[in-house]
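A lone chain, given as structure tokens: the form predicted alone.
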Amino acid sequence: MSRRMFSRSLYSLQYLSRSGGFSPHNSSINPNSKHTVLAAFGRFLHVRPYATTPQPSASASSLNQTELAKFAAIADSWWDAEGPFKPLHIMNPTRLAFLRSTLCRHFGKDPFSARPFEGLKFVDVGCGGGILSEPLARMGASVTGIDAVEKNIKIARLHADLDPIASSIEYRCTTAENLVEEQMKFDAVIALEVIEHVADPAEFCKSLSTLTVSNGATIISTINRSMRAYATAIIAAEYILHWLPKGTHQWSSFLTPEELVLILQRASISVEEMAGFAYNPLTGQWSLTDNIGVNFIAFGIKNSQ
């Protein structure tokens, strides 16, 4: 993934974000880029402890019970735009811009269409109260939203019932591992701000890969394990600005972009695009950037079997 190609894709995404989801710049991905991702990151790749320890069986769960308890405690606040999930509500348009651009390009869909995802099956893993599932459904996707916290699913269903389109979403209190056992398959598997809360990121990514059809898309967003992320996503966001409840994030659970690329590559997912999210305190808005020092998102393709 060359710097020039990354910058060109990012420029398209930045325009898309500013214009509310539509971009005249539909740059194509170099078909050979998936073979250059590891080369681009190669000198940074290293193995974390969980990558060398024995892995649980396919039916085992990557759930972290402590993390589940945290989110169960604030589940009622999912649709409170000024509550604990305010950062996600503000970030959502930028996340959706990235999804629209990358997924439309990959599946040959028209990004100018009001329902570009018509005919595609998506799963929103760790859907919470449905703040991502609902707009995906409005863009035409057949959406399954899953979450291990039953209270989150109840909130998501109640809110979806207020909208005839969103009411088509299939919400289930289950895990990615359980869907694997059911042999479910999706065109796109999406897990945003989830992987930093699971017990075993490598096993989790294997499940996401298994759920993705051959040549389908897997998209993950998370927080970089950097000192800058510790200062902004934990110290500032949780203890100074009080955007998030204290203890929401554990710095040791974050992944670096290089680690995520390697984990996904081992799960047969080739990362083709990556972008960062930057918050502007003057405008109160998020935007896409090539700086992946804190929040970042990765778009990968499931290798053909």
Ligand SMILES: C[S@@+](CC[C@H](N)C(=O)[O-])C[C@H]1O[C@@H](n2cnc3c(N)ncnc32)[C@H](O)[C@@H]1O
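When you see a residue number, it is the position in the sequence shown, counting from 1. Quick caveat, the model's predicted, so the values are computed rather than measured.
Quick note: we don't show the form predicted together with the ligand, though the next part is all about it.
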> in the predicted bound form, which of 211-219, 145-153, 115-123, 181-189 comes within 4.5 Å of the ligand (heavy atoms)?
Replying inline: 145-153
> Is every one of 96, 224 and 254 in contact with the ligand in the predicted bound form, taking contact as a heavy atom within 4.5 Å?
Replying inline: no
>> I'd like to know if residue 193 sits close to the ligand in the predicted bound form, meaning any non-hydrogen atom pair within 4.5 angstroms.
In response: yes
> Closest heavy atom of residue 278 to the ligand in the predicted bound form, within 4.5 Å or not?
Replying inline: no
> Is there a heavy atom of residue 198 lying 4.5 Å or less from a heavy atom of the ligand in the predicted bound form?
Replying inline: yes
> Closest heavy atom of residue 166 to the ligand in the predicted bound form, within 4.5 Å or not?
Replying inline: no
